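The chain that follows stands alone, in the form predicted on its own, written as structure tokens.
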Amino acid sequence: MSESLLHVDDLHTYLGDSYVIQGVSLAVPSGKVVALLGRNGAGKTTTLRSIMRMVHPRRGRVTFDGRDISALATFEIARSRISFVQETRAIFPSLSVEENIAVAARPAENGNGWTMQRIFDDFPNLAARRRNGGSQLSGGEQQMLAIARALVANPRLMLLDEPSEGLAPLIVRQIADIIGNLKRAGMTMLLVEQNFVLATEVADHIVVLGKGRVRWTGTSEELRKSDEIRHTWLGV
């Protein structure tokens, strides 16, 4: 793998008395997509939340672009150009689409990044509903809004937690296309996804979690060929 933008080293996280993350290490190379796969309860979401310090690991180190961010507050990590698209989407239901995007907007470091206009050009569904409140959107539109809001922060890294969860197949295809377009544009992403086809389609590298530990790493093609890993740790 090429030089890592994000490096997670020996992460250990408890939720109450539950030992959820048991020494997870992974790397996300700049400009690549890494998918974190595993059964329900494997620790995927907790890994993302640990990176963002939304839960506090008891041990381990997280490095972003060579800087140790392990002890930073969540808002400081976000300011360091990491965007997190949560499974809950966490949009503001009383704000319009346009307002939801505006509250997250930050200028790009190079002056040529994501703006409100670029969002509406690339997300025509959102442009058509720019005056609608967040609570008036469908599940797919809410997911697109969550991704759009993450993009206007002009991140260098995006964490995406189950972006296809609960969506109709046609909308899942649209979400896959959005992620694929971002990948081709050079966006670095760490993706948690239960949809095996989507994950292996967009990911350059796969990390399989099982019971809080890394059980396997490799490419999408290698995972497709490994019946044992898929059956044992993914159930597919």
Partner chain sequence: MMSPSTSVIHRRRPRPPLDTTIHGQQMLSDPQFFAEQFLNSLQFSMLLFLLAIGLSVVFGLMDYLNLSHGTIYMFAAYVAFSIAQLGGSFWVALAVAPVVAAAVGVSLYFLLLKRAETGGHLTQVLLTVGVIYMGTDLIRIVYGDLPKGVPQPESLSSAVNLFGILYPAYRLFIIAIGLLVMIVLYFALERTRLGALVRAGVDDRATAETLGIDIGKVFALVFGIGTYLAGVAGVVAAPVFGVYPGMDVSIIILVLIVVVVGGLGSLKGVIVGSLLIGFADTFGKILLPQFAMMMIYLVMALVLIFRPSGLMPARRFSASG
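Numbering follows the first chain given and starts at 1. Keep in mind that what you see is a predicted model, and the values were worked out from it rather than measured.
There is another form of this protein, the form predicted in complex with its partner chain, and it is not shown here; the text below is about that form.
- With the partner left out here, its partner chain still marks one of 46-54, 169-177, 62-70, 203-211 in the predicted complex; by a 4.5 Å heavy atom cut-off that stretch is 46-54.
- Against its partner chain in the predicted complex, the set 86, 95 and 135 is in full contact: each member has a heavy atom within 4.5 Å.
- Interface membership of residue 108, defined by any non-hydrogen atom within 4.5 Å of its partner chain in the predicted complex, is ruled out.
- Contact annotation: residue 130 falls outside 4.5 Å of its partner chain in the predicted complex, judged by heavy atom distances.
- With a 4.5 Å cutoff on heavy atoms, residue 125 does not count as touching its partner chain in the predicted complex; it lies far away.
- Put simply, residue 91 is close to its partner chain in the predicted complex: some heavy atom of it is within 4.5 Å.
- Among the residues 158, 78, 147, 119, the one placing a heavy atom within 4.5 Å of its partner chain in the predicted complex is 78.
- Of all the residues from 97-117, those having a non-hydrogen atom no more than 4.5 Å from its partner chain in the predicted complex are 99, 102, 103, 104, 106.
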